[in-house]
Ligand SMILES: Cc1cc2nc3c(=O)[nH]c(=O)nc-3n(C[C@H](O)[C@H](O)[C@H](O)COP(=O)(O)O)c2cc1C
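As structure tokens, one chain now follows by itself in the form predicted on its own.
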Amino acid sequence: MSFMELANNRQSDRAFAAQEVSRKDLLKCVQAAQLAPSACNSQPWKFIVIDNAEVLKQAGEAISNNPLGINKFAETAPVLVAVVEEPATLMPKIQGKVPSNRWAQFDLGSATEHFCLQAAELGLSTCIMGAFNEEALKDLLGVPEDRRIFVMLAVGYPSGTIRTKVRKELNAIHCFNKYDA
């Protein structure tokens, strides 16, 4: 499929078919994430793929037990993935000279999207979740205290069909050469 077809087919699903996801396909998704660009090639990510039934149950509970009370569907996802922010290794001459460095977060977003697009190409569906009980997940998954779980992903085969995307008009989200209100 073309890239535009792939981008159109990728959607956030909150219900999944009762079908096992192969580790081979999950590793393809991680491999796609591995190819994402990162500042100074720092690759500040680690993907913890959760497919063990008992760990899935506990992780799903830690995700649904969040301050916003959302993401209850995580308790039934066939696979969950923790995207962990690892220390970025930027060139020494850059470090400390940029007061608010958010490159690692941009890099993590790129890697996460690579994972999700590869999943879509394989017929899988994903949902990126930002609300979860991070401390409970870190304890469960053995994530060091000095690391951060950036996002959680739910992964599985979709139980529904591809929905029509609702997006702003193209002319509302772009301009050339200067900001145009």
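These numbers come from a predicted model, not from an experiment. All residue numbers are counted from 1 along the displayed sequence.
What comes next is about the form predicted in complex with the named molecule, which does not appear here.
- Shown alone here, I48 lies farther than 4.5 Å from the named molecule in the predicted complex, counting heavy atoms only.
- Among residues of the shown chain, S12 is one whose heavy atoms approach the named molecule to within 4.5 Å in the predicted complex.
- Remark: A62 does not count among the residues lining the named molecule in the predicted complex, judged by a heavy atom distance of 4.5 Å or less.
- Proximity of G130 to the named molecule in the predicted complex: non-hydrogen atoms within 4.5 Å are present.
- Between the named molecule and the residues A36, L140, A39, I70, the one pair within 4.5 Å by heavy atoms in the predicted complex involves I70.
- The partner is absent here, but in the predicted complex a heavy atom of V151, alone among L27, L56, V151, L122, sits within 4.5 Å of the named molecule.
- Contacts between 142-177 and the named molecule, taken as any heavy atom within 4.5 Å in the predicted complex, involve V151, R163, K165, R167.
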